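Read the single chain below, which is given as structure tokens and is the form predicted on its own.
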């Protein structure tokens, strides 16, 4: 194959008049139209000087054009770097500079804010707005609707996705064409996808879930998607009878359960509901089954690995677990100190190995060596246990990660901002259970001696340096932080103390 990822995801559909994207306004984008636009964009990238292996950073709103940009990068051999639309300019500058991106695609609204970055690094910048307009689209309009696909191998990088570290420095996970393809084919088979499926797509496409799970699985079988710009529970309810599958985060399902029109009849035409990116409460699982007759299929994945495990399509979908290892994926639970495999039912660190596991962290050989073992097992940082039937239970994280609404949040980054505020001596950021978000962020603050921190002012001060999804839902003052004999803050004690903070939410 010339370019395995393009050939197997996109190229096989070239010229097809069947629907690919069904939009909220009722219009349809066919496979032929979509791939024609992607080819035009690929010409723009090449004309802009991008070479195979170069990185393109994109912070754009979800749209058919934004998805076509992903296809264009694959066809042109460019490494795609999607960035969360909530990131601030301060956050973006690190990702762009660290990745060595040669081109930035952004909304026209932030073009001016990024001008200092582009000028300093001498980067090309083009705009792509939520409605599909912008200089990228303008440049593509007069380009040919066919592009000579660039030769790439299965081992070549296809994407670079950043996942923050507990020290505050973000890590770029290098995903190869083979990583993405293996997972797409496996999931399509395991979840029984066919060309007749219609996926209700309300996830963001800067994230693994919406881009490399939902979209790639749809492409593998030539299915179609109802492509919504963002999550809106009323839209999901209104469009559900036109779909067969929904992929979402726990928030989707708690909001559906709260909707007065959502019932067994409305969900009768659906064949599958998938949940991931954050823990699904067992309570939600049982409520959903009682309301609709459907068992939500929960699975487990990471930015570095795509999907690792899944509850079975046929068979017991066990509440409170993330299922069984996917074909060709090995999962084991080990002792964090020795790396020895632990007995069934014993809690330890989760390690995974398979064709889905990434190549390593961008320009971080030491970090790669620490987390990606020589035998191919990746140390996920998650804590869990495998029960006697082989189901994986996630019980916590030894990397201090918080997952709220499907977004990864690392406490250290927020703590650095809180600690810099007037009157604050120190802080600890934790995640606690939240029915809607999976976990919500709480900032626990200790005042300076004689100090009186203004919590409202602190909450206002964190708006600029931190993306909105990282903002604490609550700030609390305490006299001191619990510590062990080595003076390390015992966040497990704080989590227990505040575990019911959002119990009524």
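Positions refer to the first chain, counted from 1. What you are looking at is a predicted structure, and each value in this text was computed from that prediction instead of being measured.
The following text describes the form predicted together with a small molecule, which does not appear among the structures shown.
Trainee: Partner absent here, but in the predicted bound form, which of 198-206, 421-429, 236-244, 363-371 has residues with a heavy atom within 4.5 Å of the small molecule?
Mentor: Result of the contact check: 198-206.
Trainee: Quick one: is residue 468 in contact with the small molecule in the predicted bound form, heavy atoms, 4.5 Å cut-off?
Mentor: Yes, contact at 4.5 Å.
Trainee: With a cut-off of 4.5 Å between heavy atoms, is residue 433 one of the residues that contacts the small molecule in the predicted bound form?
Mentor: Residue-level check for residue 433: no, no contact with the small molecule.
Trainee: I'd like to know whether residue 307 contacts the small molecule in the predicted bound form, with contact meaning heavy atoms within 4.5 angstroms.
Mentor: Residue 307: yes, in contact with the small molecule in the predicted bound form.
Trainee: Under a 4.5 Å heavy atom criterion, is residue 255 part of the interface with the small molecule in the predicted bound form?
Mentor: Yes, contact at 4.5 Å.
Trainee: Find the only residue in 177, 186, 218, 404 having a heavy atom within 4.5 Å of the small molecule in the predicted bound form.
Mentor: The residue from 177, 186, 218, 404 that makes the contact is 404.
Trainee: Considering 231, 95, 391, 87, which brings a non-hydrogen atom within 4.5 Å of the small molecule in the predicted bound form?
Mentor: Answer to the contact question: 231.
Trainee: Using heavy atoms only and a 4.5 Å cut-off, decide whether all three of 154, 157 and 353 touch the small molecule in the predicted bound form.
Mentor: Verified in the predicted bound form; spot residues all out of contact, no.
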